[in-house]
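Shown below, as structure tokens, is a lone chain in the form predicted alone; questions about how it binds or moves come after it.
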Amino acid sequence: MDAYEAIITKRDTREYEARPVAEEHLQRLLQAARMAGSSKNEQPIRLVVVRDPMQKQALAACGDFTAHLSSSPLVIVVVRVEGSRPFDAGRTAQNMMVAANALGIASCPVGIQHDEPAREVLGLPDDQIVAMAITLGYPKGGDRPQGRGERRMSLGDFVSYERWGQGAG
């Protein structure tokens, strides 16, 4: 699958097969994340790989909409230095999720709203915060999730040229 197809076919998925993500796939995802650029090449992002069921359950308690986190075979937590740009964390996360889709692995970004409990669960230093978690696994039923494309706004509604609200023509 080429990069464009991996981007346009990616769907957020919250249901996975129970089997673990293959180690070689995990290493590719971690490498894809590591290669994301950062502002001024500061590289303020770190990852915490979570596979232990008790650790996933403890982490799920640190968010408000995290029910599926506990049942995901793999969770990768994106951590950033406090004061760094959230955009850098987003670039890292998107690299991982697009790479996962190309490997047939489904994913979903998960917000972690309660910083202090998350720091404690993960053993983070005081200057590190959880930017987000990403759940990953092979999609339930073995097929990539379909849909969503038909519910996206048109390019004409999405893009303005030169000034807000101006079309291409």
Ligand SMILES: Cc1cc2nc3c(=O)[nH]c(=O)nc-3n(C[C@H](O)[C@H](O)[C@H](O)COP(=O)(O)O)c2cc1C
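Everything quoted here is computed from the prediction, not taken from an experiment. Note that residue numbering follows the sequence shown and begins at 1.
Heads up, the form predicted together with this ligand isn't pictured, but that's what we're talking about next.
J.: Even though the partner isn't displayed, in the predicted bound form is residue 50 close enough to this ligand, meaning a heavy atom within 4.5 Å?
T.: Judged by the heavy-atom cut-off of 4.5 Å, residue 50 is well away from this ligand in the predicted bound form.
J.: Can any non-hydrogen atom of residue 111 be found within 4.5 angstroms of this ligand in the predicted bound form?
T.: Residue 111: contacts this ligand in the predicted bound form.
J.: Is residue 17 close enough to touch this ligand in the predicted bound form, meaning at least one heavy atom pair within 4.5 Å?
T.: Close contact is absent here: in the predicted bound form, residue 17 is far from this ligand, nothing within 4.5 Å, heavy atoms only.
J.: Spell out, yes or no, whether the shortest heavy atom distance between residue 68 and this ligand in the predicted bound form is within 4.5 Å.
T.: Yes.
J.: From the list 32, 132, 102, 26, which entry has a heavy atom within 4.5 Å of this ligand in the predicted bound form?
T.: The residue in contact is 132.
J.: Can you check 122 to 130, 102 to 110, 54 to 62, 32 to 40 and let me know which stretch has heavy atoms within 4.5 Å of this ligand in the predicted bound form?
T.: Of the options, only 102 to 110 has residues within 4.5 Å of the partner.
J.: May I ask you to list the residues of 1 to 36 that have any heavy atom within 4.5 angstroms of this ligand in the predicted bound form, in sequence order?
T.: Read in sequence order, the residues that approach this ligand (within 4.5 Å, in the predicted bound form) are 10, 11, 12, 14.
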